[in-house]
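In structure tokens, one chain follows: the form predicted alone.
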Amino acid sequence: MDRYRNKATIMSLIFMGFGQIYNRQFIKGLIYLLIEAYAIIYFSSNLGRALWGIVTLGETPRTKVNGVFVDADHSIILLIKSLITILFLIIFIIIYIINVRDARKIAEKREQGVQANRFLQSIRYVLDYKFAQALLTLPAVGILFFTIMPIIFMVMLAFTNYSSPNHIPPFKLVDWVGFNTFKDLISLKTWSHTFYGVLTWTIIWAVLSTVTTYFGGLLVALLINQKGIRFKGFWRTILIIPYAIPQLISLLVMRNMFNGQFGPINQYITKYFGYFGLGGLPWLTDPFWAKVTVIIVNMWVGIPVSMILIMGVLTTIPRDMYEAAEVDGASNYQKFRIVTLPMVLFSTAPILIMQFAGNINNFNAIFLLTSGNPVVGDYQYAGATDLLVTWLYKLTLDQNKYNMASAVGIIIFLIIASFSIYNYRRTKSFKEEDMIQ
């Protein structure tokens, strides 16, 4: 009884499409045949060099002979081309497996006496029942090459010595160095001092910026929602303006306002409080005050976002919960602690987690406001307010330390991914999804 399925399986294993032709599905079989024929031509000319390239990263650096550059291996181009070829190979293997399973499935129908779909019927079946999957195939391929491949490339760079001045192609080759880059980052004093300093400030920054903007937004939202507050529309509008203006403009304006020498803030402090012995503050030039400044400015930009979010949540809290609390004699503070705060936290916990993750990578707030400065003398290419992400930017674009930047990027990913996964699994918003319908 299994004579058809075994034959179809073996034939489709020998060559794509043979199984379909054996099952009398000639058009589908020809399509599979053409795919394998093209694959043989492509891989016969590329696969060998791709494997050689990803293993060796090239063997001949560019040289100049009699004033003419001699063709040579470019390690990074080799790595990218090798990755592309290997991804094509993975796609081809997936298609091959689909081809074998399809041939076996159709053969099983033949054994049961069921007429298999013709080519047009197969297309109609896909359009009727597998339309979403078919339509998602193209975006999935795009994600594979334009999202996943760059990530894999970045991860692989961390295991090479791709950095200036001795390993920048095409005049120099790049080599695999294993975990040496990570070891240097956490144990070599010149790098580890900067890494732990920047990492500590990144965590402090992420916690403070998340807590201040969230609870600042909660406070403002509660104040505006109070009975007796007039012109609520005006308050909402005036407080959302900092968020409505492009952040680039807001932060650059703030950078000028906090300028220690010419900024209006210091000039007003000196003018109106000079009699009390107060002068201007080194807002952007002192390491401590620079950190205070970026926290304050981030509150100014971030509080409106939390305010709008929490105001929306407040409108969803059932009124009878407050009435029940009033019947029990609860004070305003008790109503806030027992009803308002748990409901707001329950609804906004996922956003809070994302805000924390976003603040770890908040490049704009730091780079546009302080550029990571002021400079710290014993730091390696980093300033007092640099986050890991802005340090990574400087390592890449200013210093060409690509391997070290890749290692930092992997560490950022591990921090954010670990924190997010842990909190998503622990947050009641996901454990009790049906609490609010």
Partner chain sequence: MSGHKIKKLFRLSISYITLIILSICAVYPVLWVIFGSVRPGKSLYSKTLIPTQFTFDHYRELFTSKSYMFGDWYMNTLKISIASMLIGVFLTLLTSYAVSRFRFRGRQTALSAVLILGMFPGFMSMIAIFLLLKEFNLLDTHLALIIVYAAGAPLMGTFVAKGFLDTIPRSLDEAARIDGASNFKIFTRIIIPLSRPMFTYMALTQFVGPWVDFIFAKMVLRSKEKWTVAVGLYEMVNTNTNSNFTLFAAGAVLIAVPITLLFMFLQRFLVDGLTSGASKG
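Residue numbers count along the first chain shown, from 1. Everything numeric in this text was worked out from a predicted model, so none of it was measured. Throughout, rigid core stands for the largest set of C-alpha atoms superposing within 1.5 Å between the two forms.
Heads up, the form predicted in complex with its partner chain isn't pictured, but that's what we're talking about next.
**Student:** Give me the residue from Ile98, Ile123, Val211, Ile148 that has a heavy atom within 4.5 Å of its partner chain in the model of the complex.
**Tutor:** When its partner chain is considered in the model of the complex, the option within 4.5 Å is Ile148.
**Student:** Ile35, Ile27, Leu368, Leu47: which sits within 4.5 Å of its partner chain in the model of the complex by any heavy atom?
**Tutor:** It is Leu368 that has a heavy atom within 4.5 Å of the partner.
**Student:** All three of Ser192, Ile353 and Ala382 touching its partner chain in the model of the complex at 4.5 Å, heavy atom to heavy atom?
**Tutor:** Not a single residue of the candidate spot has a heavy atom within 4.5 Å of its partner chain in the model of the complex.
**Student:** Evaluate Arg110 for contact with its partner chain in the model of the complex, applying a 4.5 angstroms cut-off between non-hydrogen atoms, and reply yes or no.
**Tutor:** Arg110: no contact with its partner chain in the model of the complex.
**Student:** Can you check whether Gly178 is within 4.5 Å of its partner chain in the model of the complex, heavy atom basis?
**Tutor:** The answer is no: Gly178 has no heavy atom within 4.5 Å of its partner chain.
**Student:** In the model of the complex, does Pro282 come within 4.5 Å of its partner chain, counting heavy atoms only?
**Tutor:** Although its partner chain is absent here, Pro282 would stay clear of it in the model of the complex, with no heavy atoms inside 4.5 Å.
**Student:** Do Val376 and its partner chain come within 4.5 Å of each other in the model of the complex, heavy atoms counted?
**Tutor:** No, no contact at 4.5 Å.
**Student:** Heavy atoms within 4.5 Å of its partner chain in the model of the complex: which stretch in 126 to 134, 203 to 211, 289 to 297, 335 to 343 meets that?
**Tutor:** Heavy-atom contact with the partner occurs in 126 to 134.
**Student:** Across 210 to 240, which residues bring a heavy atom to within 4.5 Å of its partner chain in the model of the complex?
**Tutor:** Sequence-ordered list: Val220, Leu223, Ile224, Gln226, Lys227, Gly228, Ile229, Arg230, Trp235, Arg236, Thr237, Ile238, Leu239, Ile240.
**Student:** Compare the position of the CA of Gly260 between this form and the one not shown after a rigid core fit and state whether the shift reaches 2 Å.
**Tutor:** The answer is yes; the displacement is at least 2 Å.
**Student:** Against the rigid core, is the Cα displacement of Lys335 between this form and the one not shown at least 2 Å?
**Tutor:** Yes; that C-alpha moves by at least 2 Å between this form and the one not shown.
**Student:** Taking the rigid core as reference, does the Cα of Ser347 move 2 Å or more between this form and the one not shown?
**Tutor:** Ser347 C-alpha, core-superposed: shift of 2 Å or more.
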